[in-house]
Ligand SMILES: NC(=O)c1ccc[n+]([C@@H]2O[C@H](COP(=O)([O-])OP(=O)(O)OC[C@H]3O[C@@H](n4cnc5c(N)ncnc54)[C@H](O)[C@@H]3O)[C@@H](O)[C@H]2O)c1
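The chain that follows stands alone, in the form predicted alone, written as structure tokens.
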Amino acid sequence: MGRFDDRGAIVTGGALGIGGGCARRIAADGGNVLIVDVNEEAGANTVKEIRSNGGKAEFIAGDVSQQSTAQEMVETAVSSFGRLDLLIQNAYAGADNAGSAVEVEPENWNSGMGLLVGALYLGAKYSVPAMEESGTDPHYEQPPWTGAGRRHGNPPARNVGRIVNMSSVHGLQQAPRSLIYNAGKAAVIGLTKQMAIDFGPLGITVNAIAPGHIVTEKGNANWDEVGNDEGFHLFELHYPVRRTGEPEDIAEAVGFLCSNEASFITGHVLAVDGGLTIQLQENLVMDSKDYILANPDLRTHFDFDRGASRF
């Protein structure tokens, strides 16, 4: 029996990268997965991959920052799977969003925040009622409602639904000229905590993941085009575990937070970052300096922007 047998899931931005890893993980654990993405070709390919491995998946194309898409994805999940239990909100596109408050154009601010934060509001708005209607995980058996004789009345709702919102280490720590992304990912954390309070009594937990540097398909292509091995190793040295992340690292954390074992965890921001954010920066800077001096020809996937000041 799979961890998510007979449960319906939506993964936004699930065609590639972190979202693709999450969709494959949930399907491998028996869940029925609806992938929502603007990339139709990649979405269809991921669905094909999941099905070839014996999983169940569907795809719809759409921009999740639009109310019509949020409504459609929930309706499609319920009609396709008979219920909705899991919502993983991962979709984001970062084009034209670099800059400070002086540099960012209002239209880019509005569109960026609409996808980073507004889409998560819309996803919850339509998914939570569907989760309530679907009810408790059909394979969950409520244990005896006891507690040293102090518990009375009916037990609270439990294991009705799971929402996981994708934040970032950029929501915990800031980087120069990244106003939209940093502010948006920080807002995801506040939104997650608010939703956890509002939906906890319904048996729905809401948590966030803060990934570190995750090498996705697109990221790997950028490294191949611009970076080199020495530059990549510089990034690895920034992590106590001495490696950067992969989509599967995030998918495993999402799988746990969506499981019944995590029913007492809500409003939490889980940094899945290999220890990046726990370090004292002075030591890290000095170690990086020594490595860079020893490897003067290193290149990273950020070097295409070397001519622009980051300070």
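These numbers come from a predicted model, not from an experiment. Each residue number is its position in the shown sequence, starting from 1.
We do not show the form predicted in complex with the named molecule, though everything after this point is about it.
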task: Pick the stretch from 122-130, 166-174, 192-200, 149-157 whose residues have a heavy atom within 4.5 Å of the named molecule in the predicted complex.
output: 166-174
message: Although the partner isn't part of this model, could you tell me whether residue 39 comes within 4.5 Å of the named molecule in the predicted complex, counting any heavy atom of the residue?
response: yes
message: Can you tell me whether residue 218 touches the named molecule? I mean in the predicted complex, with a 4.5 angstroms heavy atom cut-off.
response: yes
message: Contact with the named molecule in the predicted complex for residue 205, defined as at least one heavy atom pair within 4.5 Å: yes or no?
response: no
query: Taking 4.5 angstroms as the cut-off for heavy atoms, does residue 213 touch the named molecule in the predicted complex?
result: yes
- request: Check, residue by residue, if 15, 64 and 93 all come within 4.5 Å of the named molecule in the predicted complex, counting heavy atoms only.
  value: yes
query: Which pick from 81, 232, 181, 109 sits with a heavy atom within 4.5 Å of the named molecule in the predicted complex?
result: 181
